[in-house]
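Okay, so we've got a single protein chain in two different forms coming up as structure tokens, structure 1 first and structure 2 after it.
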Structure 1
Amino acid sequence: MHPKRTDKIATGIIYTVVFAVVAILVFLIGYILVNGVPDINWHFLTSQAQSFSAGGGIRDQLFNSLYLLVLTLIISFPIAMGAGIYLAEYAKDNWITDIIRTSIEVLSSLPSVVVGLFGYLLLVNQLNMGFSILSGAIALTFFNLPLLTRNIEESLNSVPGLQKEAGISLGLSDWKTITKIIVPEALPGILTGVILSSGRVFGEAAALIYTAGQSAPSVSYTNWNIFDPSSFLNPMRPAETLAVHIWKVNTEAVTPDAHAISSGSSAVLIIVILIFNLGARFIGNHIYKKMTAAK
């Protein structure tokens, strides 16, 4: 067959596959939004969920998801940052580095339900932390670390070597060069990775069923005492997240408007994840352009 004809056929196949993938994605997102957006209103977002009567909302579930996300990032980001800097700047090509990279790859391939069962056995049972936001955050840290570490490492490796050489030639130590030159230069990529991993954490359900729990007890949003069980900031209270709430409504709910609650919750979840993804792209490009203009 003529090379040009072969190239046209291959190009056509690639475009067809890409179009099919995009079409499936648009169909799924569109279906969820078309069915769920009409059920979203201010009352739905700010009212407490109901177990038996109609008219419940997702106030606590939405807050729990955001609180769990913030706590997970507080735990996982420093660890991932340190691991990324070590792998990109200090690690030598030897068997120890190979073990670290293999461990990261294995951890990233674990199903979330396995991470949840591990968290249930270790955190909930052995360490007696119970079903709590903190247990869920630690479990999601294991789930989030591989993606975040690889992203930070790749962002640091993408910085041109001349940047580091310039810092060393000016008499800066390796640490000063990394913290003052390389990390700021890699900041757009690091921030993009953090936001993208946030979207992944926000939509996680399986790992949280076994760690954060499936109940959403009433909490006081005026009580700022972090040690009070009724406080919304208490990390040791059980917390049903939005993703877990969707699963629970579809499997166990007996409310008359279960379908509307499920559709509206799914639409809110999709909208938040889209905001994370589009926001990551926008913020990363904005910081990159700002840094480029300042040079």
Structure 2
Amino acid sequence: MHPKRTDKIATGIIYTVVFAVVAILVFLIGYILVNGVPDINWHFLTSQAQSFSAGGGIRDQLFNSLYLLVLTLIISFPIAMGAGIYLAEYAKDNWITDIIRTSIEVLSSLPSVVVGLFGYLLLVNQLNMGFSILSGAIALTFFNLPLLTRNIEESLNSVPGLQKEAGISLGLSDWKTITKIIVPEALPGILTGVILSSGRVFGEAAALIYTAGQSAPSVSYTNWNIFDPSSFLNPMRPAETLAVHIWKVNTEAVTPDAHAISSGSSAVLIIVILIFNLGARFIGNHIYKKMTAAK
């Protein structure tokens, strides 16, 4: 009966560990929400930030964060998708692939500060893009790419080989097999990856301080001309995101209500990510059902 007892003990330990982790997480999120939610109100969400008087809001920062996320995904997702498909389907098992994998891992382990400074020197200065949302989005792409690629590759690899064989035996081309069979099957996994990396993009501050900048000039939300500097859609304007705002408020701000702003912003950040997660999950399931025969 010894193995059975070991089994029981091990299961017990695992339950304890899971409980501990959940406790930590619940505590953390609870701490942020309890501290922050009382500070959130309509005024906080819809007014402009103040530099040194109380009562500032986070309207522009919140929008900037979302806009930056969308831009980053637009740039990085197709590239990561292509690279992921390459690694999962085309790459041969040789030293070239090895080098490619290693370099992707290296890219992912770069500290975000370094990515930010690289972006600052290359995009902001050399390419003359200035402190802008686009610079920020490209800088975030740098470190979003490896995570996303890796995840897509793994999701694709976890699709049983049978599916691929079935596709090919039906006379489908490689590309058709990949796009019509393997990718839809791997979609939930890919979406999880996108969500995970979006979370990081959303919370990233260090890489953005030097690329997207730390100021949020007032923009007009009725100006839809993306080439106009005052338009909210203009990707060439500087934009302070929510995470950068939290950092700034905490480190240098002289606003009397800095604490309320930072805890409120943190709570908003968490809530937005929560909404985003649930939404993406819902859409993911929907697409999965639509693209495959699964019910």
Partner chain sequence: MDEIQRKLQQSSKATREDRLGRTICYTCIGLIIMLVTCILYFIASKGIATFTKDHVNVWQFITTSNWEPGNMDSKGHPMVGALPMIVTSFSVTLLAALVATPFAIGVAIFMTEISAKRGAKLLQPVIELLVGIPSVVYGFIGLSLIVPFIRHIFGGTGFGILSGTLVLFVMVLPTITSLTVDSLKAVPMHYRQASLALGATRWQTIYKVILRAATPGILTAIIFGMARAFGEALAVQMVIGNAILMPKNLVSPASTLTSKLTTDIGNTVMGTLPNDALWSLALILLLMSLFFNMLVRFIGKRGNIKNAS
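Sequence positions of structure 1, starting at 1, serve as the residue numbers. If you're wondering where the values come from, they're calculated on a predicted model, not measured in any experiment. If you superpose the two forms and keep the largest set of C-alpha atoms that fall within 1.5 Å, you have the rigid core.
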TODO: Only one of these is the form predicted on its own, so let me know which.
DONE: 1
TODO: Classify Val70 as shifted (yes) or not shifted (no) between the two structures, where shifted means its C-alpha moves by 2 Å or more with the rigid core superposed.
DONE: no
Task: Leu45 C-alpha moves between the two structures by 2 Å or more, core aligned - done: no
Task: Exceeds or equals 2 Å, Cα of Ile270 between the two structures, core fit - done: yes
- [ ] For Arg281, tell me the Cα shift between the two structures once the rigid core is superposed, in Å to one decimal.
- [x] 5.9
Task: Displacement in Å of the C-alpha of Leu25 between the two structures, rigid core kept as reference - done: 3.3
